[in-house]
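For reference, the chain that follows is the form predicted on its own, supplied as structure tokens.
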């Protein structure tokens, strides 16, 4: 310790602790407000497209002044991209866990469909937003969805390459199969969201069909021969 340095006193320690707590509190408040904006946007999007949503509507629903929006998002497009990332993040993690099950491919398929079903029913607003904007949206939000689904398919392609009967497949063929699986799962999500009537029998029919689709893709793959 240099001659000019002085030991940290108890008062200094309390001050540093207070600053740390205050910084943490500010970050927590900021995160809560950011989440409130995302939740407000999703609620407003239940019956409409993202392009029709205004900043003022979102901030009013979230209970903050419009100017405060820019402390959390640079634009409405950035808010939309955040919604896409939030919707896909948990799904990718949950599906990854289902795929990592060491048992048979049939079990993996059923586990993946069950995981998808649970997630769609728990986060219907997210999936309604994703499926609507994937085909009907424009700009940054639609591009973000395409990017996230491509990442999802790329992760799946890596996992598929570990199956013994797929180890000799080309990268292009693995990605093609992965994209078919992702497309099938998104179609199932749409069916669940639009299901009428909303009852257990309808849900079981939809998930049963989803399992058959994936089995057709996975087991049909054993007979695939690339033209190259």
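Because the structure is predicted, anything quoted here is derived from the model rather than measured. Positions refer to the first chain, counted from 1.
Absent from the display: the form predicted together with another copy of the chain. The rest refers to it.
Next item on the list: Give a yes or no on whether every one of 74, 92 and 117 sits within 4.5 angstroms of another copy of the chain in the predicted complex by heavy atom.
Entry: Looking in the predicted complex, the three residues 74, 92 and 117 all stay beyond 4.5 Å of another copy of the chain (heavy atoms).
Notebook entry, point to check: Counting only non-hydrogen atoms and a 4.5 angstroms cut-off, does residue 154 reach another copy of the chain in the predicted complex?
Noted result: Flag for residue 154 set to no.
Next item on the list: Answer yes if any heavy atom of residue 38 is within 4.5 Å of a heavy atom of another copy of the chain in the predicted complex; otherwise answer no.
Entry: Because no heavy atom of residue 38 falls inside 4.5 Å of another copy of the chain in the predicted complex, the answer is no.
Next item on the list: With heavy atoms only and a cut-off of 4.5 Å, decide whether residue 203 touches another copy of the chain in the predicted complex.
Entry: No, residue 203 stays farther than 4.5 Å from another copy of the chain in the predicted complex.
Check: Does residue 59 make contact with another copy of the chain in the predicted complex, using a 4.5 Å heavy atom cut-off?
Finding: Residue 59 lies outside the contact set for another copy of the chain.
Next item on the list: Consider the chain as shown here, without its partner, and state which of 64, 42, 55, 176 has a heavy atom within 4.5 Å of another copy of the chain in the predicted complex.
Entry: Answer to the contact question: 176.
Next item on the list: Select from the listed residues 195, 68, 161, 187 the one whose heavy atoms reach within 4.5 Å of another copy of the chain in the predicted complex.
Entry: Only one option qualifies, and that one is 187.
Check: Which residues within 203 to 224 place at least one heavy atom within 4.5 Å of another copy of the chain in the predicted complex?
Finding: Going through 203 to 224 in order - heavy atoms within 4.5 Å of another copy of the chain in the predicted complex - the hits are 209, 212, 213, 215, 216, 217, 219, 220, 221, 223, 224.
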